[in-house]
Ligand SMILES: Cc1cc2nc3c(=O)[nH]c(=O)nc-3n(C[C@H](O)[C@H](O)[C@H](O)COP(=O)(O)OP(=O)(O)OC[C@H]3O[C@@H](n4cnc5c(N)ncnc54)[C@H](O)[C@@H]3O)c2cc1C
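Only one chain is given next, in C-alpha cells, and it is the form predicted on its own.
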C-alpha cells in the first residue's frame, strides 16, 4: 500500500470518440486484475478515512476493500464491497465520485485521488466473472414486505430485507425493472445487462417482481397494508421542471426524462414516440447536471446535427460529474455558460426555431451556500434550435393513497419520515429516495433504502 508517490492515478480506458458515438455501449473499459491491484495499492490507508466518513453516503468500507484487492484477495474485497452497498458495480459507474468519495480522498490535492469508483465497479465485475455471488439465506420469515418502485431506493431496501430472510414483493409501474437505472441513465454509462443481472440475483434470493403495476386504483395502498407486514415507498421523483417561459409547451420542447426514456425504448427495440427522434436536428439542452449531460450525449448519438448545452451558472458551479462534462466536450457538445432562458422562439407557422437567452452573473451565496444568479438586462441573444430539452431537475408526482393512509407530506409533496428509520406517520409505511428527500443521487437513495430495511427488520424480527 501507499505506492502513490511512484504510481500515478489512472483512469479506466475509454473507447475512441469516433467509435463510441456509433452506439450506446459503455464508454469505459474497467480495470483488469493487475490494474485494479496497482491502483488500489496507492491508498494511504488513513486512520480517519474521509472517503468513507465524509464522502460516501453509504459509508462503504473503502479502505478495507482497497487493501484486500491490493493484496490479491478478490473474494474478500468483493464481500466487503457488497456488505454495505446493494449494487457497487452500478454505483461505481454512475456516482459523481469527484463530488463524493474521490473528492474527499486525502490524495486528491496533490497526487490525484484514488480511482475509487472505477475500482469499485471493477472489483464486482471481476468477482462476478469468477463466479462469486452475494450470499442470501433464502426466505426464512413468514413476514413479507411490499416495495413500491424498482429504482435505487427500492432495490436497496429489497436487497437488505432479503439478506435478513424477509420475503419481498416489488411493484413497478414500467414494463422493465430498474426505474432510473433502466430508463433514466443511458447505456453508454450503464449497460442494462448489469441492471438485469442484479434483478436476477434478487429474484434467486426470493424477490417476486410485479411489472406494469402502478400504485393507484388497481393497486391501492390500503390493500397492500392488508396483505403485507410493511410497505416501502421508493417511487422517486420523475416530474420534470420547466422554467416557466413563453412557448415552453411546444411539441418540440421535451422534458429530460421523457426524452431519455423514449431513446432507451428505441435502443431496446420497444415501441417509442418518434417525436423524440432528433436525427438531423439542432438540439439545445437547458441545464447543467448529470441528467443534462445524459441528454446531450444521447442526442449526439442519435444523430443531431448540433447539440448545445445552456447553463445559467459557470463551469465551476456545474452540479454534475466532471468526467461527464469532459466526455460531452470530447463528443462535440458546445457549452454556453451564464445563460438563462427567457422564451422559446417560434416562426410564423409555429415551428420552433430557437430559444432566447439572457446573460447571467453570480452574486452572493444564498441560504444553501450557492451563489445567487441574476440576469443582466440588455444582453438578449437567440440560440438556434429545432428541439429543446429541459433538464432542470425533478419534482415529486402525486402519490395515490397517501392521504387516506394517514401519511404526512410536505408542502412540496415530499413524504415526511423519521430521519433515523425512514418510517412515515403511518407505523407500517416507510419511504426513501427522491420521493422523500427530493431529487438527489442514486447513492443517497440506496442509503435511504438500506436505512428503511434495517428499521423494518427490527420491527418485524425484533
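Quick caveat: nothing in here was measured; it's all calculated off a predicted structure. Positions refer to the first chain, counted from 1.
Missing here is the form predicted in complex with the ligand; even so, the following discussion is about that form.
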Identify whether the ligand in the predicted bound form is within 4.5 Å of every residue in the set 148, 172 and 432, based on non-hydrogen atoms. yes
Only one of 310-318, 68-76, 362-370, 213-221 gets a heavy atom within 4.5 Å of the ligand in the predicted bound form; which is it? 213-221
Residue-level contact is defined here as any heavy atom of the residue lying within 4.5 Å of the ligand in the predicted bound form; does residue 96 satisfy this criterion? yes
Residue 291: touches the ligand in the predicted bound form, heavy atom cutoff 4.5 angstroms: yes
Within 4.5 Å, heavy atoms only: does residue 231 come near the ligand in the predicted bound form? no
Given that the partner is absent here, does residue 445 sit within 4.5 Å of the ligand in the predicted bound form, heavy atoms only? yes
With the ligand left out of view, which of 338, 82, 327, 238 would have a heavy atom within 4.5 Å of it in the predicted bound form? 238
Picking from 257, 304, 104, 253, the single residue whose non-hydrogen atoms come within 4.5 angstroms of the ligand in the predicted bound form is 257
Since the partner is left out here, which residues of 183-207 would have a heavy atom within 4.5 Å of the ligand in the predicted bound form? 184, 185, 189
